[in-house]
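Consider the single chain below, provided in structure tokens and representing the form predicted on its own.
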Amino acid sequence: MKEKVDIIVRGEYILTMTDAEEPIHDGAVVIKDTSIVDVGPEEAITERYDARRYIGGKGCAVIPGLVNTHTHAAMVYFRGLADDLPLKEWLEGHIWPAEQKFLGYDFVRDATELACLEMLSSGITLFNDMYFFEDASADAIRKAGMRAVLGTGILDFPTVAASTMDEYFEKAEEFIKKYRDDELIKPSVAPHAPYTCSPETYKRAIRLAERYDVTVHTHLSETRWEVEEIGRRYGKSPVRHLESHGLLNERIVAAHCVWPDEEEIEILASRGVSVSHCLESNLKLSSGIAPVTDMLKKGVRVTFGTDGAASNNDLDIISEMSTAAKLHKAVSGDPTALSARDALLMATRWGAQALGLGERLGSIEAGKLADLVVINLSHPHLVPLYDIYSHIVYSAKSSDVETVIVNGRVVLNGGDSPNLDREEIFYKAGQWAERISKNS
């Protein structure tokens, strides 16, 4: 008698992103409850299992859920608000003032629902967020049924979220306690950047992270201005500055890292710091191009982030993969640099590892949680097909995402979310945009 399971996902190609030989041609993935229980050739799978639901089939590729390791999800409501400006002017002259006027629980909840719909539609099942009012983000994320690491933002000056340093940390600790055992939400600590947080603030953040065994999410070495400013204040570059205070370790997810020199790259590697490469945002803000191929060669775990939609202006890891894999070839002068498979590893397994979830997510294998993406290969830009990794990275688009499964549940089917009301989300976005336009 066949074993009863919940879902069998079939694909012409199963990209497990493990170290085993792959891809699996004409394969299938077996899901029971929240986990993957088996993966292999479809013929063998269907002989052994009987599912309540079958998904995918011929003309489909199945990959692990994509991981966005740096974003500010609720900033989707500032998409296009202040474009074509340098980072410092964009941030201090436009974004921070808008946040002071509009940020609150309702704003963050409504905006994060839109961000979740956008990310699910492009195959992202897990994202690493740094923002304020993260309880509101958590409510939207659980409604969507996706997964996130949420970091309560901490800065050395008052914001709409907190007026004192003690208040920032009290709220961060309260959030960690509330969500540390949540099925979909993992808390973290998020000191903003070396130019907005003192060494004492970073030390306090790391102590808090160590106490509760969570990650630390920060911006690091993003712009030339930051390098010059940290040099002026502390006499060191940003990476050396944090290193001199013992503030770099394997808990750190450092966004951007555009301007580390060779020695700093070695420091990042030796300390086990993970880097979130946010190429499209860096390009748009003219922040520079991170030395990703050098970091990878030195053993730094590099992953992909979108940054917020206010500076990207979308939340699309497939686009990030494609742009990065091509651009770094041109920058390095090496057409073999950043292969398609490595780019997909950055977007899946390495991303999950960076967020401390590598044992549970990031690859398709028995025992891991069932976070999967089905990509429809039946489009003109995906025909003919010789190499599936090449197709996913260089040819696929987010619109090719057909089905998304998180924690064993279908959260996107045929481009529609069963949990999120698209019309209501768009209506709320329009209402908020009208208010922002009138008061900006």
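Don't overthink the numbering: it's just position in the shown sequence, from 1. Keep in mind that this is a model prediction, so the values were computed, not measured.
One more form of this protein, predicted in complex with another copy of the chain, exists but is not displayed; see below.
Contact check for 80, 334 and 380: all three have a heavy atom within 4.5 Å of another copy of the chain in the model of the complex.
Checked against another copy of the chain in the model of the complex, the candidates 50, 387, 43, 33 yield a single residue with a heavy atom inside 4.5 Å, and that residue is 387. This chain is displayed alone, yet in the model of the complex one of 173, 135, 99, 314 has a heavy atom within 4.5 Å of another copy of the chain; that residue is 314. The stretch among 336-344, 138-146, 349-357, 249-257 whose residues place heavy atoms within 4.5 Å of another copy of the chain in the model of the complex is 336-344. Contact annotation: residue 398 falls within 4.5 Å of another copy of the chain in the model of the complex, judged by heavy atom distances.
Another copy of the chain in the model of the complex comes within 4.5 Å of a heavy atom belonging to residue 391. Residue 86 belongs to the set of residues with a heavy atom inside 4.5 Å of another copy of the chain in the model of the complex. Another copy of the chain is not shown here, but in the model of the complex it comes within 4.5 Å of a heavy atom of residue 327.
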